[in-house]
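One chain follows as structure tokens, the form predicted on its own.
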């Protein structure tokens, strides 16, 4: 198995990207173990300013990359000789939350006033460096296309474009593909999945997406358990294997592992 595979989960807000990201982390581990690949370690990156991935994974996070960025910019104003890259990489290592089979890095709040270009450049390099130390990196992207359009994400093996039963989500997926082809991101594969689809609506969402040249490669049905778990603050990692969302993400995880293994040959 090739180490360092990067998966970005992107799409319009409200399509369920965070739930898919959390379940993908769980199912990548389970599928790899069942396939005889042994124990794997995953880097989970919460790139959404709302930072919902920790709750979905059942862990807490006290500090984010955004906090570090603010601190370093203040220090840089006082000391122009400060080596931002060295300081930044050291502090990122300090805030990574370590679990049994995955580590979590939370990006935190979005950019504020002032020029953040140098720090964002260092952030990209840091993530690139970190990703090489893990079997997979799963990035829960911001709503929309912010991280791709700002070139925060680089060298992505798979972009999972998530749509739901809305035209806006389909148009966002279409724009996602356009941006991925325009910016300096090496994207090896993009596939679109439909999430939270009611029973009997599978044909309709496929037909509507096809009007815009988008092929739905997999469908995850609406899963009421996700709403119930979210309401009571229960981690989505605890969902039963029989849950419709789990079964759907399991299929996606197996496809990603297959792609990763083919690239390793």
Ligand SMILES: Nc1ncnc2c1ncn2[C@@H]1O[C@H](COP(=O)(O)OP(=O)(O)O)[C@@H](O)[C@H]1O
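Residue numbers count along the first chain shown, from 1. As the structure is a prediction and not an experimental result, all values here were calculated from the model.
Not on display, but discussed next: the form predicted together with this ligand.
Although the partner is absent here, residue 248 lies well away from this ligand in the predicted bound form, with no heavy atom inside 4.5 Å. A residue is said to contact a partner when one of its heavy atoms sits within 4.5 Å of a partner heavy atom; residue 223 meets this definition for this ligand in the predicted bound form. Although the partner is absent from this view, residue 26 stays clear of this ligand in the predicted bound form, with no non-hydrogen atom inside 4.5 angstroms.
Looking at residue 19, you'd find a heavy atom of it within 4.5 angstroms of this ligand in the predicted bound form. Among 30, 202, 217, 230, the residue placing a heavy atom within 4.5 Å of this ligand in the predicted bound form is 230.
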